[in-house]
Every structure is written in C-alpha cells, then in structure tokens.
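First, one chain by itself: the form predicted alone, in structure tokens.
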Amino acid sequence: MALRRLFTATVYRNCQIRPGYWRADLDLDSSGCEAFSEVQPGQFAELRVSDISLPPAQEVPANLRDLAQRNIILRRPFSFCDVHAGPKGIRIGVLYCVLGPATVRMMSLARGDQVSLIGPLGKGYTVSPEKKYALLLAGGMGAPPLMHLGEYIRARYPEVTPIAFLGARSLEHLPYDVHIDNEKGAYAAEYDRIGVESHIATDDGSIGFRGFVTQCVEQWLKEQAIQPEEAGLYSCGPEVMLAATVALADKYGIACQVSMERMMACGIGLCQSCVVATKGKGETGPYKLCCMDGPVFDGKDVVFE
C-alpha cells in the first residue's frame, strides 16, 4: 500500500456539475506519482480548507450564509472519484456536495490555487479477479469511490464486468450528469465515458427505477440469475443503505464490501473519533478505526446501528 504523505496540490479546475454538486481536479507534481501509483479505490485524502477564502456572498447558498461564517479548524476527508497519472505527475478528482462551511469555501477554488492534502489514507476496496461481475452500489454522495472503482476495474481486471447501481432520494439528489436513452434507460454519463453500464434508482421515481437502489439490484440479480460465486458487491452511501446492502448480500450469498462514513478529524488514527463497531466472538466485538482499518470493511464484519 502507498505510504501517506503531505502534499501541496494545484487546482486544475473546479466546476459545478449540477446545483449543489461540484468537482475539483487537483494536480500533484512528480513526487505524487510514487505515493499515488498504487492507490486503491476507497482510499481518501484529508484536505485543509481553513485557508480557502469564502466565495462572494451572492454565490453562497442562502441556507448556508450564516453557517459559512464558522471557522474551519480541522481537515476534511474526501475520497477520490478518479486518479490519473500523467507525464508531469498525478491528477486526482474530488466530488463534493456543498453542505457546510468547508464545502462552501471549496466553491471558490480556482485554477492555479494551492491546497494542502495528506494522502492516500485508509484501506480501499479489494477486487477479486475470479469474479465475473462487480456490482457497484452508490447511494447519494457515496458516488466518488465507486466511480474510481469502476474505472480501476476496467483498466486492471478486464475479465471482471463492473455494473453500477446509483441511488438517491430524487433526480435532484443524484451527483451525476444524468441522461435518458431509449435502449439504456436512465444512465450516468460519468460511467458511460469509462464503458461501465449504469442503472439509476430514485426513491420517488423521478427518474429510473422507482424504489431503493438495493431493490433495483435485487431485481437485476433475479433477472440475470446470477450465481453467488460469480459476483461481488461494493457499496458506499448512507449507513442504512449499507446495512440493507449487507442484508441483500447475505440473502444471496454474495461477498460484500462497504465503505463506512465517520467524522475523521485527523485521518491517521490519532484522534480516535471514527470508531466502527465490528463483530467478534462475543456479543460485543472490537472497535476499529474507520481511517486506519477502513473506510472499506467486509460487510459481514460490521455492526450496524
């Protein structure tokens, strides 16, 4: 696994994908090639946002104008939606939703700005080359690591077919460039560009499958008559969705990995603020750190509240 290091990244671009959702692409010089050459999808970086200026007041969402004034002390964790090596270094993509004072500040990042980051951190997904299908289940802002995973599998495991299942409450909560095709139905352009089939589910049926993304996956499993040993489930999203994904995997006997979300103040195991309850031999199993032992865990090992 790549060793974590402190880097100064240069902003290549920072653009809005749709209302409330942005993507920043950050460049690292040649020193980043060594650290990020073997980065796993699901790993993350801690970004320092305290020294990023607020955008003009009129550009701050009205519901965040008071919150945006809060001081930012701690770094913020972000997983990668892609990592590409180039002749001059590494470019990493960060997808973010504008929800609080830190992400409001990130809206003001412009080409050439510099950002301090620590990474790559944590443990990511493990791909089994003997599987025929890799089923990627993303709920809401669980999108980034699975976008990275889809491209990673296409590049390194040609014998494995990744298929993405993307869920959200409604169309407006999908962090993708969504299109509708007569043959494909609703799909995400981000996955289409890397040659990965995608299926969209919304709770309210505003686009795609009407219902939870786990229900969409189960329908697909039934239609395709997939054997348990042929597929692996890889999931990221709200914890209630992860619990449902693990239950679905258990029902069909499919291996499952989940990326957990916790408040990770340091990202290197010092603050002990990101514990995840896991199963042990007794009723109470050991607690593990999301930032060091995860954020990706074997689904069967996690105790969901």
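Everything numeric here is computed off the predicted structure, so don't read it as measured data. Residue indices: 1-based, along the sequence shown.
Heads up, the form predicted together with a further copy of the same chain isn't pictured, but that's what we're talking about next.
From the list 241 to 249, 54 to 62, 22 to 30, 36 to 44, the contact stretch for a further copy of the same chain in the predicted bound form under a 4.5 Å heavy atom rule is 54 to 62. Mapping the unseen interface onto this chain, Asn182 falls outside it, with no heavy atom inside 4.5 Å of a further copy of the same chain in the predicted bound form.
Although the partner is absent here, Ser128 is not a contact residue: none of its heavy atoms lies within 4.5 angstroms of a further copy of the same chain in the predicted bound form. Using a 4.5 Å cutoff between non-hydrogen atoms, Gln224 does not count as a contact of a further copy of the same chain in the predicted bound form. Among heavy atoms of Val178, none comes within 4.5 Å of a further copy of the same chain in the predicted bound form.
For the options Ile194, Ile72, Ile163, Met107, the one in contact with a further copy of the same chain in the predicted bound form, meaning a heavy atom within 4.5 Å, is Ile72.
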